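Just the one chain here, laid out as structure tokens, in the form predicted alone.
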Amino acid sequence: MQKERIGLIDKLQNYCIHDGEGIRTLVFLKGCDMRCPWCSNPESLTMDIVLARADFKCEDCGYCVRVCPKGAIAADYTLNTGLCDMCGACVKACPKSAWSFYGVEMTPEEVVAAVEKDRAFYAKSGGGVTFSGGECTMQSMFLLNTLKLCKEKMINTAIETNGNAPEHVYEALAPYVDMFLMDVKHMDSAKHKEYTGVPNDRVLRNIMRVASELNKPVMLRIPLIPGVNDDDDNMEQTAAFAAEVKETGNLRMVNILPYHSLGASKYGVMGMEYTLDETEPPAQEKIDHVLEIFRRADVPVQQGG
């Protein structure tokens, strides 16, 4: 089926309050063009449906080994991906949900039907649906068709994006997006590339274009990562950039997102290395200091979740 009719969804998350205005349903799309080491959703980085096992949930019952029709699961629970046909027998048999699929195919109609179940919460809070990831613009045609359907259903829409999609993607999406939540990970382009894999030139340009030429409300999201981007010089440059966005009249808020390691356990499940094991979350004193930098730049700022 055409890619605009089928999307690869990581998960849907209900009753969220930190990803746009009001109470929102988050739709996480798979696929991302950046590789930030602090990412809390590593399962959403690839465009593949992945079968993986969480060691910490396993109670060594052996059911998965016995039920696998292809003999793809060894006695030590390692998975032979060459034999596995993704039948899901292990997922169904595991009493502790140690085996899981990461990724499910859905149509725009299926996504919107799931989102509509929370409509009562949207009406009371001014909320809606936020498309996230991964990086939701990696599935831009599917995203566009789903956004169009949301607007037909009178559902408020937002997208969380790293800002690195081609300009024409944001131009196509803009009529159907009520708010853009856009990341500023580092103001130094070389350091941005060092930590994410891509420079920031297009990111900063797209943020300004969305706020000015496309005339859409923007919420800036600043991950605060100790030893990466939390120095005063970078924060002051970021605050100055936020002030420029404010001049367009479309800056709604700057969200400071303190580093946490809540997604670290997922890396082992996905067979990936988590490189920030030694990194501690920033102290509240540090967070307050950063908030003050933005206040001095006269931009609206808050600590996000």
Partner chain sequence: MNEMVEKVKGMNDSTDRIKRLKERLIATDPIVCPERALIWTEVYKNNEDKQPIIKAALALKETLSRMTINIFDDELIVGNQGSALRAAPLHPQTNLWFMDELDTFPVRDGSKYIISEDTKEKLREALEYWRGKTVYENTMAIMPEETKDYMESQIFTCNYTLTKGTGHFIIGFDTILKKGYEGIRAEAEAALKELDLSGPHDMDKILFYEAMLIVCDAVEIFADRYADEAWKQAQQCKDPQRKKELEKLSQVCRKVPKYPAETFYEAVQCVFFLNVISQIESDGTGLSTGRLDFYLYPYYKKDIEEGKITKEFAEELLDAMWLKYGEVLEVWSEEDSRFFGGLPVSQTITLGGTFADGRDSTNDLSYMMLETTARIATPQPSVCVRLHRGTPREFLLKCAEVARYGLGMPAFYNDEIAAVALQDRGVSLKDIRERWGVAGCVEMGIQGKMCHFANSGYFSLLKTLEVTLHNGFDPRTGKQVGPKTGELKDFATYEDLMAAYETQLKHALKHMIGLTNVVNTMHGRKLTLPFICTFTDDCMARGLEVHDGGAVYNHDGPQGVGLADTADSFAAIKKLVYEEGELSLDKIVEAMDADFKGYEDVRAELIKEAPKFGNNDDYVDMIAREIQVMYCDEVNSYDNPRGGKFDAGMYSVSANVPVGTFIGATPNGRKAWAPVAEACSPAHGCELSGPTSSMLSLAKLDHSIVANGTQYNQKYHPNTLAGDKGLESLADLIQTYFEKGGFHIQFNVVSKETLQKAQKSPENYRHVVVRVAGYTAFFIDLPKASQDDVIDRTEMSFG
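Nothing here was measured: the structure is a model prediction, and the numbers come from that model. Residue numbers count along the first chain shown, from 1.
Absent from the display: the form predicted in complex with the partner chain. The rest refers to it.
Peer 1: Please tell me which of K124, R205, K193, K151 lies within 4.5 Å of the partner chain in the predicted bound form, judged by heavy atoms.
Peer 2: Selected residue: K124.
Peer 1: Select from the listed residues M106, L144, L79, V91 the one whose heavy atoms reach within 4.5 Å of the partner chain in the predicted bound form.
Peer 2: After the contact test, the surviving option is V91.
Peer 1: Looking in the predicted bound form, is the partner chain within 4.5 angstroms of a heavy atom from every one of V228, T275 and P282?
Peer 2: Not a single residue of the candidate spot has a heavy atom within 4.5 Å of the partner chain in the predicted bound form.
Peer 1: Which one of these stretches, 93 to 101, 134 to 142, 169 to 177, 196 to 204, sits within 4.5 Å of the partner chain in the predicted bound form when only heavy atoms are counted?
Peer 2: Result for this chain: 93 to 101.
Peer 1: Counting only non-hydrogen atoms and a 4.5 angstroms cut-off, does A120 reach the partner chain in the predicted bound form?
Peer 2: Yes - in the predicted bound form, heavy atoms of A120 and the partner chain come within 4.5 Å of each other.
Peer 1: If we define contact as a non-hydrogen atom of the residue within 4.5 angstroms of the partner, is H18 a contact of the partner chain in the predicted bound form?
Peer 2: Flag for H18 set to yes.
Peer 1: Answer for F241 alone: is it within 4.5 Å of the partner chain in the predicted bound form, judged on heavy atom distances?
Peer 2: No, F241 sits far enough from the partner chain in the predicted bound form that none of its heavy atoms falls within 4.5 Å.
Peer 1: Applying a 4.5 Å heavy atom distance criterion, does I287 contact the partner chain in the predicted bound form?
Peer 2: It does not: once the partner chain is placed as it appears in the predicted bound form, I287 has no heavy atom within 4.5 Å of it.
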